[in-house]
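The form predicted alone is given below as one chain in structure tokens.
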Amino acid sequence: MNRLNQRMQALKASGRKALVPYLVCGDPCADATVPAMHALVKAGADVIELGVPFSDPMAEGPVIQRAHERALAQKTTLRGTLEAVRRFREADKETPIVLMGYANPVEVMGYAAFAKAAATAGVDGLLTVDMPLEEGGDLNAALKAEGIEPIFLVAPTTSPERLARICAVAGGYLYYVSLKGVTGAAHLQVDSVKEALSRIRKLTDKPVCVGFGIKDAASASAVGALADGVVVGSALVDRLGAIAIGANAKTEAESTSCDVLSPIRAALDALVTRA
């Protein structure tokens, strides 16, 4: 069992909610990514989603699109992202890392070569936004062969039949997209999330983390009361993107990561106290 599955099982056993921050590797600069990752763990991250920069991140809103552009301007690549994971692992052997990105860079490297390189670096899961379940068999097989879990998005429009097929191959957790739209949207509707999670849990006992629209402690608490975890992306990326590239970038990335995540961690932990 890899780190990701172990972590999700441990959280369930303790009744705690998973806090999964997302940041784009290389944003605002390459030197800031690993310090920010360590700071996120210190602030209470259970899993880190590390974005692989891509020229056409179709699922992202303006905030994360700009982060991809900044990272690409810093010449951050898929191999550079794997190197960041390797450097993170020098000091942290336990926190699960999920790469989140798009199919093209993985296809260019080759599925088997990518899976081996990712496992060697210390990657635990992969979420490929634009790889449909029906086309992902070869990639998923390569990942499984290296002990890496394929993570899948579940949308408000996902049918019960398709959800069942996703659950048959998914590992780690299901990523429920809380709304029809792109990352960073402002119209999170908690009642809709509640109804959707009820439908999903009738079909699977896999952990469900909710993303898109989780911006602060209040929204994290509202969703965390329903889900197994929350994914925080745009709120963190927006703050990291405001850091000026320079000698202080690493220190500012660390403090910014803590500032964003700590209140959300406290809000999620308060749910356990109330329970």
Partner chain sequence: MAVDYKVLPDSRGHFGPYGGRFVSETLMQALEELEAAYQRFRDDPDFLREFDIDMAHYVGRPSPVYHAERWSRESGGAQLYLKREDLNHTGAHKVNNTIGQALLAKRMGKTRVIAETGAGQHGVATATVAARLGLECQVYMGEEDVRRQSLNVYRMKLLGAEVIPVTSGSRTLKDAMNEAMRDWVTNVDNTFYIIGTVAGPHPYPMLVRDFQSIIGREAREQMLAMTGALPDALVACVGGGSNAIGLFHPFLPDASVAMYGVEAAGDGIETGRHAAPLSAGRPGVLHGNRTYLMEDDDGQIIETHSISAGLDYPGVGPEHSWLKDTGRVNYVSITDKEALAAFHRLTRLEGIMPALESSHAIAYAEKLAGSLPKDAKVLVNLSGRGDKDIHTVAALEGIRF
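Numbering follows the first chain given and starts at 1. Just so it is clear, the model here is predicted, and its values are computed rather than measured.
The form predicted in complex with its partner chain exists for this protein as well; it is not shown, and the discussion that follows is about that form.
Exactly one of the stretches 159 to 167, 201 to 209, 142 to 150, 86 to 94 approaches its partner chain in the predicted complex with heavy atoms within 4.5 Å, and it is 159 to 167. With the partner omitted from this view, the residue of 73, 188, 155, 119 that lies near its partner chain in the predicted complex is 155 [heavy atom within 4.5 Å]. Contact check at 4.5 Å (heavy atoms) against its partner chain in the predicted complex: none of 217, 235 and 262 pass. Using a 4.5 angstroms threshold between heavy atoms, residue 57 counts as touching its partner chain in the predicted complex. When contacts are judged by a 4.5 Å heavy atom cut-off, residue 213 does not count as touching its partner chain in the predicted complex. With a 4.5 Å cutoff on heavy atoms, residue 107 counts as touching its partner chain in the predicted complex.
At the 4.5 Å threshold, heavy atoms of residue 196 stay clear of its partner chain in the predicted complex, well away from it. Taking a 4.5 Å heavy atom cutoff to its partner chain in the predicted complex, the contacting residues in 130 to 155 are 130, 131, 132, 134, 135, 153, 154, 155.
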